Structure formats: structure tokens, C-alpha cells
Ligand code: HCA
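First comes one chain, alone, set out as C-alpha cells in the form predicted on its own.
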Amino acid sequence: MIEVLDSTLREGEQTPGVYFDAHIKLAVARALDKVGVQYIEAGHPAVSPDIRDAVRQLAAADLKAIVGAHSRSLTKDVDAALECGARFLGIFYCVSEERLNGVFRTNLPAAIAQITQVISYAKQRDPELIIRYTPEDTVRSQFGNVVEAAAAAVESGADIISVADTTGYMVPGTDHNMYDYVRRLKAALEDRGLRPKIAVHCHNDRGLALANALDAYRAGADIIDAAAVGLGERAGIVDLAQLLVVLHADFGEDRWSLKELTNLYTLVSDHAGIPVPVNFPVTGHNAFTHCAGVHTHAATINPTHYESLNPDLLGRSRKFALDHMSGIASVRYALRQIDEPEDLAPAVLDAVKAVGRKGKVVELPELRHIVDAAKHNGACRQREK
């Protein structure tokens, strides 16, 4: 059964210009808890005192989700996380030859010794602690190095191995795809008698984070990382709402309160200072808005003609935009919404199209003014006769 780790408060704060005050982090965590994510990655306590205080606050909150912290492969980072009361610890250390030789000035055996020493230390300090080990930039590292480090990590007490597509490198259907990678890694670990949970952390540099996460899901991954509004380094990571809706609608994973997503996204967007794009799937303003006349006519009769998702799933409403592309059906539908007679539709449609040609959309308040003008003009013509 798939689990979701939300990293809005950790990876999300790595979005340039994004910072959440402690009281907002608590509000976001509570909103995530209402959605029902299984893990909330609260931050990296060693980065700054305010992040440490926020992680401590969230760990002490009455949340159903497991609150986790981020950690380098250093005992001082482990100490900082445990002092905050974190129940989940994500430890990372890259094992690619390029990074080992060029950045860390070390070799694989020395790196594995450091990784296992830190994991063992953390497990000794808190035997109930859930530990995830991530070989950073997993998918571009030498596969043998990843297997050796992952196996040693599990033998030292790691419960989860995370496959990090740190640069959004993976592409479904190619020779570097997440489905094959997850299956291959699981098989290599099982050959050693090791069966940790497998997590995936997919970046969106090629716009394929969600596709890669679903590839991992089909390959048997146990945990998928995501963030509200897809926040994160560069192009961000998997968008939480899109992931949950696809898992629910297409894979039968009915574990989350999807109607809570709108409130979560409003909160995160407002305090991140990053608007949800209007054309964003699921949560964007236009996600369930029909515009062209042919579309709106068919959708008023049967919405499934132009919808593969029901907005009720998210507690949202179907909308019909009124602009230069509108047809008579959408105007009649809008008139019914404001309790006005449908025989006004032809005159109203002409006015709506005129406004739309200026690059505007007619919302219901303005539609009432258009209706009032149409009635007035009609009355004037009657008097002239």
C-alpha cells in the first residue's frame, strides 16, 4: 500500500524566495494532516535555529502523520533532529564516483563506513526511529555503488532506501526510466535477503516528475515524495495534489481526503508568494472551467464529454467561462445560475463576445450588469416602437 511523504516544508523551502514562518509551518502541517499524508518532512534542523524550532514544534503537535527531519551523514545532524523529537530521519550521502572523488575527496568504502556509522548511531539513540537513507543523485550514480551503500545502510538499521532523481533525469520509455530502476534495485537488495521500503524523490526538470513517480509506483515503490504546488529546487518535485488524485482515480488508492487540498494549496500559495498556475491540473483556477462553445454545449448536457475528472472529487465546481469563445449554451447556463430568463441569451451573448475580444472573461457579477443593460436596451426599443 503506497504511502506519501510531503516535503513542502523541507524541499519546498528550497524554492528561491520561499520561507514559511513557524506559525505558518504549523498551519501547513495541520492542513497536510487533514489531507492524510503519512509523513511530513518538516525541515533540516542543522540549517538554522528557526528551522530547528519549527521541527520541534511540529514534532510536538498532535498530528497523525509521522514528522520527519532531514540530515547529512553527520552525528551532529542526527543529534539536532533527535533533540527536536523527530520520529523519522532522512539521511543522505552521494556515492557516485564523480562526487566521491571530486567533492568529498574520499572513496566508496570510506563513504559507506561513514553512512553506516551514522545510521547505527541514530538507531542506538532511538531504536524506534524510522531511518531513510538516500544516495543523493541515485539514478546517475554507478548502480553497483548504490547497491553496496544501500545494502550496508539497511544492515546498519535503515528502514527505507530512497531513489533520488535529483536532477529530473529519468524519462519513461527510455533506457533510463524509473520503473526499471526501482525493480532492478529491489531485486538486487532481495538477492542479499534485504527488503527495505523503497521511496522515490522525483524532480521535475523535464516536466516528468509525476510520470516517473507513477512508474515507480507500478514497479512496487512504497513511498512517494511530493510537495504542494510542486515546490522545490529549480522546477520542483512531484505536485502533491496531482499525485493523490491520479493514485485515487486511476489506481484505486482511496486513502486521502482530497477535498482538503484546496485549502492546503491556498495556504501554501499565499505564504510562499507563488500563485497556483491557472492551468495547473487539479488545483488550477481553470482546471474545471470550460470555454469554447462546442465544449460548453456538450458539457452542459453531459460533463464527461470533456472531463475525465469530476470536480466533486475535490469539492470544486464546474465552471463555464464567458468570453469571445462562448456559445449560446454557456450563456444560457450562466443565466440560469443568476435566475435570469434564457430568452435574453442572444443579446447577452453579443455583449459577452464584445467584452471577450478585449481579452477579458465575464464573471457572474459583470454578467448581471450585462443582463441589466440588455433589459434596458430592450425596453428602449419597445418604447421607440
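Predicted model, so just to flag it, every value in this text is computed and none were measured. Residue positions are given as counts along the sequence shown, with the first one as 1.
Omitted here: the form predicted together with the ligand. The next part is about that form.
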Within a 4.5 Å heavy atom cut-off, is Glu136 in contact with the ligand in the predicted bound form?
yes
**Asked** Phe92 near the ligand in the predicted bound form, any heavy atom under 4.5 Å?
**Response** yes
Review point. Applying a 4.5 Å heavy atom distance criterion, does Thr283 contact the ligand in the predicted bound form?
Key: no
Whether Asn177 contacts the ligand in the predicted bound form should be assessed with a 4.5 Å heavy atom distance threshold; does it? no
Which of 187-195, 213-221, 266-274, 126-134 lies within 4.5 Å of the ligand in the predicted bound form, heavy atoms considered? The stretch 126-134
Checked Gln242, Thr166, Asn145, Ser120 for heavy atoms within 4.5 Å of the ligand in the predicted bound form; positive is Thr166
Residue within 4.5 Å of the ligand in the predicted bound form by heavy atom, from Arg56, His70, Lys319, Arg332, is His70
**Asked** So in the predicted bound form, are Thr8, Arg255 and Ser257 all sitting within 4.5 Å of the ligand, heavy atoms only?
**Response** no
Checked 329-367 against the ligand in the predicted bound form; residues with a heavy atom within 4.5 Å, sequence order, are none
